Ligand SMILES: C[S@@+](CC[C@H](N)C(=O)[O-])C[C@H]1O[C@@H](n2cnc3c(N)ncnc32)[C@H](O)[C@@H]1O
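We begin with a single chain expressed as structure tokens, specifically the form predicted alone.
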């Protein structure tokens, strides 16, 4: 898809302008979302691009422009309709699962596709997993379908994400495994102290704050998967910085007897010298 968009953008905008939006597009189901560069303000240019995408890519039915970064408690972004059908709901498929999503009311990133299946393959049979920031349920449902957990507690504060998560649990027939929970994960997690072998923290803005709660929720020892944003000059420096940050937090905790960062990778670049990093951290409680 990226190559097609690159050719369309070069043809419509010219090579210099097109370079500014390379890699800045996500496809969710049959909807394309283009991220607007900060210094690129001519919306009509993007409308021409959107119309050409609709003409050239038959499975894209709607094109939207994200004019602001993801923000707010519900992690939403401001969108402008560019071309095609004026709708924000679609069906998104990933790893053999099907998800009903709404790009205007919930957050979804296809760029986490590799992480969804990577984490699912790490889950051992019989584990209880807690996903503290579940959205419409991608991590949770893919884990339920590709592993054999006992339970996946799937928490989100956004009522629209919760509503769609409930639908998606039914669509994927994992009602007996994934348990959708509506509310503030930083508060609700207290109900699950000492109950899980694996905790997911896929919300970078709250990952560090949620870390102590995640430790408390472990049954005795287990894994915490942390996703965070890090500013650094390159990918190696980003990984080093994230590791220092979370190692420091765990070393200061009186509830941690031992820990080991067993894996880390840069998931993606999210801006100039800004990266999203994942760390898999084994923790044994004191």
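Numbering follows the first chain given and starts at 1. Treat the numbers as computed from the prediction; the structure is a model and nothing was measured.
Although not depicted, the form predicted in complex with the ligand is the subject of the following passage.
The candidate spot formed by 74, 155 and 206 is fully in contact with the ligand in the predicted bound form: every one of the three has a heavy atom within 4.5 Å. Shown alone, this chain has one stretch from 132-140, 191-199, 81-89, 171-179 that lies within 4.5 Å of the ligand in the predicted bound form by heavy atoms: 132-140. Within this chain, residue 215 is remote from the site of the ligand in the predicted bound form, having no heavy atom within 4.5 Å.
By the criterion of a heavy atom within 4.5 Å, residue 103 is excluded from the residues contacting the ligand in the predicted bound form.
The shortest heavy atom separation between residue 163 and the ligand in the predicted bound form exceeds 4.5 Å. The ligand in the predicted bound form is not approached by residue 123, whose heavy atoms all lie more than 4.5 angstroms from it. Only one of the listed residues (112, 117, 147, 211) places a non-hydrogen atom within 4.5 angstroms of the ligand in the predicted bound form, and that residue is 112. Along 164-184, these residues reach a heavy atom to within 4.5 Å of the ligand in the predicted bound form: 183, 184.
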